[in-house]
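We begin with a single chain expressed as structure tokens, specifically the form predicted alone.
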């Protein structure tokens, strides 16, 4: 059918094409059918929505569709039914537990990016990976396909280093120290980060408190070739675009297939041209990887995948049993990270982890002798060189390099929880801490989160402060208080844990 484009001021979240009911009947189109819109040499795919708001002779396109092609109001286009693509057959193959060939994986990824696959088909693919998994041949093929269907960055400043945490630990602002330390040593480290998915703050959320994080690839290339580093949001770039689509299904289903996680992380590193990659694998109760054996196995997978991509990869198994530092939430974490860079000191967990990871990167990049990387990283931090590099990064990314930690606003609606009894801190629940910060409004409300006053092993007296919740509204504060009271974020016990009688 021929129709005139009508641009709708809305995001459907599913690349919708709106068609009048009478014309849908004539064309034998049904809700959620896949159709293609042809405009000259350009073809765009979308899912049918039947609507009485659209007149005969019109086709309504949502703003999602406009991201694929810039249609103009009243433009004449052809709308045609599109049968199920070949990739659906390959998804069914993986659902049966069979191994996919490289060309089949490439076809699936291309159809995801071109939106030939609908959300339900993408969710089926993600679920099949959760249930049946991928072997290393499939993971390597998936990684390269995800990278090559997007943009690739070529930086004329080698070697290119990178660091990535698989996440799970609240307050993990570590890379905000690692990046300037590594760059101050003369290495190149273009850091792309994500926003929070299930956590209270991603690195991009924290950096955004004092600098811009959305840049084009050309802008990133200019910044990095000038100062050797950046800390930007990967979602603003067309890097491995299939990853940004599949992650929506992962979030909706609350699953994170290991093979897809490996491909997701490494496709972005491959697209950025990273030559040396350090993977931080937090391990402990309440994080993604709970045992050291599982962490070692995951590290080996990353290393093997790196070899197939021509990248040198190392894994660092780090302690993930409690939050890093004393703050959780974008503005609070920004304050703590900036203070550590300015003074060269800070919470032991933050300084130890940051200098430890930075030290590994300095050794990988050849600027520190084996075994001396951490010492060199600490010297760079304590000398103020890392802070000076951070000032350069903030300035190049459009922020105020003179900003002080106390100038960063945090939520002024607060409530402090105190120790109900005397004893020792025997546990801090990562998931509960994250849940409290999110209930308070983090990461969307930058000033929301919490400050921790205790760590595992410390002695407290009844009435001592344990943590303070920060929120930007009373309603959010009340939600966080209720959440905290329903959980047990901090466990306090005496030295005698349990008495067993003689039966």
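Only a predicted model underlies this, so the values are computations on that prediction, with no experimental measurement involved. Numbering follows the first chain given and starts at 1.
Heads up, the form predicted in complex with a further copy of the same chain isn't pictured, but that's what we're talking about next.
- Contact check for residue 458: no non-hydrogen atom falls within 4.5 Å of a further copy of the same chain in the model of the complex.
- Heavy atoms of residue 28 reach within 4.5 Å of a further copy of the same chain in the model of the complex, making it an interface residue.
- Using a 4.5 angstroms threshold between heavy atoms, residue 132 counts as touching a further copy of the same chain in the model of the complex.
- The closest non-hydrogen atom of residue 349 lies beyond 4.5 Å of a further copy of the same chain in the model of the complex.
- Checked against a further copy of the same chain in the model of the complex, the candidates 110, 308, 431, 248 yield a single residue with a heavy atom inside 4.5 Å, and that residue is 248.
- None of 372, 292, 253, 80 but one reaches within 4.5 angstroms of a further copy of the same chain in the model of the complex through a heavy atom, and that residue is 253.
- From the list 274-282, 254-262, 297-305, 209-217, the contact stretch for a further copy of the same chain in the model of the complex under a 4.5 Å heavy atom rule is 254-262.
- Of all the residues from 41-72, those having a non-hydrogen atom no more than 4.5 Å from a further copy of the same chain in the model of the complex are 48, 49, 50, 51, 52, 53.
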